[in-house]
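A single chain, nothing else alongside it, follows as structure tokens in the form predicted on its own.
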């Protein structure tokens, strides 16, 4: 047996963070930053995991014993391997090499992309073509380990690519009109999705009458943003990004590091900019004409962030 490599894209939430946890819609897109998983044969009953971005390598038994404790960085990969092999009823060993261009713990769906690519590569290595919903379901189990109570939006976008209006239990595909550039600004400060979601929930329970209308407004922004995205009205879409950022700030999930990058992008001519993901750190996303993307990236760097110029991609999980 040779080897199989699969890749899956990261994701960017354009609008709807946190509101999606409460059953309201969020607008998310796949971005052209990918995680790759390469699977090779290995000793029966064992899995050798290598993750280049963490510079870690570990050999683990392929067992149903869920009490095996793995480093948090590698646990989602291990879980993806275990669950996929269990579904396939295969006991052969595998070597899995992870190589991701998506910054870790930054709100860009790194863990989901890694899980999706791993499930796809492992199943295809054994000649089994899982359906997209099966890959998404298996990857979601790994996401629970990372985020506690995830919405499912990350693994869904990573599997299908393109854009989706996501509401728990319902997915509406969004038509993406041509290449739409996005500039990502990384604060280089890792964030904890589970912790931020818990913080918002605590305040929601304490001040329900205040927080509920804010979350409802964010959900309405997503519905309108879908229309502007499909119409390629980037100027109006940018305005909604700015409004969404203000509401997220009122929820207490923005930070001074995020704000610096947001305002640097806006002052450089972006249509709009906001944090993307749970907040508390991680990244911002800026929407701008392609001819000034490089200038915006430079201004983000000057403001202390690490900038990436990417674009929305229609390509979900695939074999390389």
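Numbering follows the first chain given and starts at 1. Everything quoted here is computed from the prediction, not taken from an experiment.
Not on display, but discussed next: the form predicted in complex with ligand MEV.
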Does any part of residue 197 reach within 4.5 Å of ligand MEV in the predicted complex? Heavy atoms only, please.
yes
Does any part of residue 11 reach within 4.5 Å of ligand MEV in the predicted complex? Heavy atoms only, please.
yes
Any non-hydrogen atom of residue 18 within 4.5 angstroms of ligand MEV in the predicted complex
yes
With a 4.5 Å heavy atom cut-off, would you call residue 272 a contact of ligand MEV in the predicted complex?
no
Counting non-hydrogen atoms within 4.5 angstroms of ligand MEV in the predicted complex, say which of 245, 222, 151, 136 makes the cut.
151
Tell me, out of 80, 156, 193, 187, which residue has a non-hydrogen atom within 4.5 angstroms of ligand MEV in the predicted complex.
193
Among the candidate stretches 50 to 58, 260 to 268, 274 to 282, 36 to 44, which one is within 4.5 Å of ligand MEV in the predicted complex when only heavy atoms are counted?
274 to 282
